[in-house]
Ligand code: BGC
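Only one chain is shown below, in structure tokens, and it's the form predicted alone.
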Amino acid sequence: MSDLGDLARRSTELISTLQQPSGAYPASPTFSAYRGYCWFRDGSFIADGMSAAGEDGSADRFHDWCARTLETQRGRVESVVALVHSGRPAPPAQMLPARFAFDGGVGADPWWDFQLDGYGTWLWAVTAHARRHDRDLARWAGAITLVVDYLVASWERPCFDWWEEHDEQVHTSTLGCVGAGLEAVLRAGVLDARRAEAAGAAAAGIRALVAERATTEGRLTKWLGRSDVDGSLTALVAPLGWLDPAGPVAQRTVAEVERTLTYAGGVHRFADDVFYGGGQWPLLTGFLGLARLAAGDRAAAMASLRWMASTATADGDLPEQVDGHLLAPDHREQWVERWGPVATPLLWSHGQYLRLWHDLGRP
């Protein structure tokens, strides 16, 4: 599908059609490992793309689903927070899962579930949506305060990253997502004085920790103490806005992602990626495009959009990754045998396409 606008319309139609009556967005309708689940992280970025593209009703329904799902987990969150205050942090199995079934239930399938980034991303996304479409955040206030309590109590803990890997590490992208979410709700003024003080302290602590232990040569690193970058770091520049796009840390981080993880326009996840051979991800290319645009480089952002569009199937479906340039080609077949072909369509890819397409003025 060569026309950029046609692919945007296809993306909107696909996400709208596949959105569940509950409001949940499926990660991918056919991929065996994702079928039947909605991630807070993926869904929040999908909702942001739909919100930016003018599909505000779809985003409303997703945020309603998130709020209802979180309310079912209130006792679990309150228990986690109480344990932290008593000096006995909850075990990882007691923490909130990264994904839920479409009805808001906790899935029965085993997964690498303890991830904090999705909850920070949701705070950012629901706040951005409310501002963009003049929604009253009181609609989601109960769930917002619950998530703030959870993240304030938990942000320093190691957990799985965006890619469900390395739960023994504290990941910079996770810290940035949590920080962006907490700062967004603080700016929105929806927290009571006690929570605002706690959220402000946590947000400041995140920035201090990243500056001290997740920055080298003036740029961000994949996790605390590691020296290389991860493709997800550009999302902290845009759309999350946690890094000033004109600042040196953002510029050096983006430059390092371009230098080490970008090939012929497409972005890899990280240098030692072996998942499906370590291909290039359209959604990460979308984040790079947004970061480039935020820094004022429209031509480079357009190149990112066009590369994303080039990965679409004849039916206009965007995949999770493509295999034109694999970092670990010998590992690809084992994943195909395990889970089948690469997830196609991946709704997160379509959501990121929509956001970049919108920010570029809908070319």
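Only a predicted model underlies this, so the values are computations on that prediction, with no experimental measurement involved. All residue numbers are counted from 1 along the displayed sequence.
Form predicted together with the ligand: not shown, discussed below.
- Only one of F114, F275, F102, W223 comes within 4.5 Å of the ligand in the predicted complex through a heavy atom, and that residue is F275.
- Checking R219, R76, R269, R135 against the ligand in the predicted complex, a heavy atom within 4.5 Å turns up for just one residue: R269.
- Stretch 32-40 is the contacting one of 32-40, 52-60, 322-330, 305-313, since its residues have non-hydrogen atoms within 4.5 Å of the ligand in the predicted complex.
- Within this chain, W162 lines the site of the ligand in the predicted complex, having a heavy atom no more than 4.5 Å away.
- The ligand is not shown here, and in the predicted complex it never comes within 4.5 Å of any heavy atom of A67.
- A residue is said to contact a partner when one of its heavy atoms sits within 4.5 Å of a partner heavy atom; A27 meets this definition for the ligand in the predicted complex.
- Using a 4.5 Å cutoff between non-hydrogen atoms, I15 does not count as a contact of the ligand in the predicted complex.
- Along 206-222, no residue reaches a heavy atom to within 4.5 Å of the ligand in the predicted complex.
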